[in-house]
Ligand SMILES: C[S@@+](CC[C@H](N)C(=O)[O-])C[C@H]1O[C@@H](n2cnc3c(N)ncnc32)[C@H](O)[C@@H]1O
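Only one chain is given next, in structure tokens, and it is the form predicted alone.
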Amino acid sequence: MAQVAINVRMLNSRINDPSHWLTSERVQGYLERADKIPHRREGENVLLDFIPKTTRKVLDLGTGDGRLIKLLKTKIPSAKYVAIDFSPPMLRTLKQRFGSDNFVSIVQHNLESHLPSVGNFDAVISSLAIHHLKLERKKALYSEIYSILRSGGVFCNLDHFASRSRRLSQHFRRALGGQRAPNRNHEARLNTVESEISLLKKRGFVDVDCYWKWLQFALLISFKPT
């Protein structure tokens, strides 16, 4: 059986209404749409390109059902993976997928609190998770990621960012199948790609850039100096 490390300290509140991710119905609805998000696989393929085959240990933040880990394991099956998520329904799905995989460890943890002690990594990855955090917590998280990356390690974040254009923002929502007005609180938390790159550089990352983008989805990749 895979090692399962459970952090039972759950925060009482979560940005963007945590109750959504605590219900099986909400999680199942998301997972059914996950493969239908336009151009998502394009961004994921670029992310995979920047994870070296020599990678030994990978941390996935807000892993969901382990989608990115599943993709990476086809490229680097011998690496060790640590999957972090706070949603019990997601964790159940993770255990169904990786419960017998000795190369995958599952950690229940809310990204709003300091990362647990899970060791050091050659790569840290994340998809559609970090944008839920408030700015100050995001700054702290980036510093934590920097500290646990090994020299020369890579951080890849495929996420949702702010648009400078209302028209493009509306087009983005329509492309995702949404017709309602945006959630103002959610939109207010989104950073522009440029602002996010600046945050990462201030934390010490180098070669920080947007390596792929489609409307409000973008892949930011950064490296810890050697």
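Residue numbers here begin at 1 and follow the sequence given. All figures in this text were calculated on a predicted structure; none of them were measured in a lab.
One more form of this protein, predicted together with the named molecule, exists but is not displayed; see below.
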{"property": "Which of 98 to 106, 114 to 122, 81 to 89, 149 to 157 sits within 4.5 Å of the named molecule in the predicted bound form, heavy atom basis", "result": "81 to 89"}
{"property": "4.5 angstroms heavy atom contact with the named molecule in the predicted bound form for residue 64", "result": "yes"}
{"property": "4.5 Å heavy atom contact, residue 40 to the named molecule in the predicted bound form", "result": "yes"}
{"property": "4.5 Å heavy atom contact, residue 129 and the named molecule in the predicted bound form", "result": "yes"}
{"property": "Partner contact for residue 140 in the predicted bound form: the named molecule, 4.5 angstroms, heavy atom", "result": "no"}
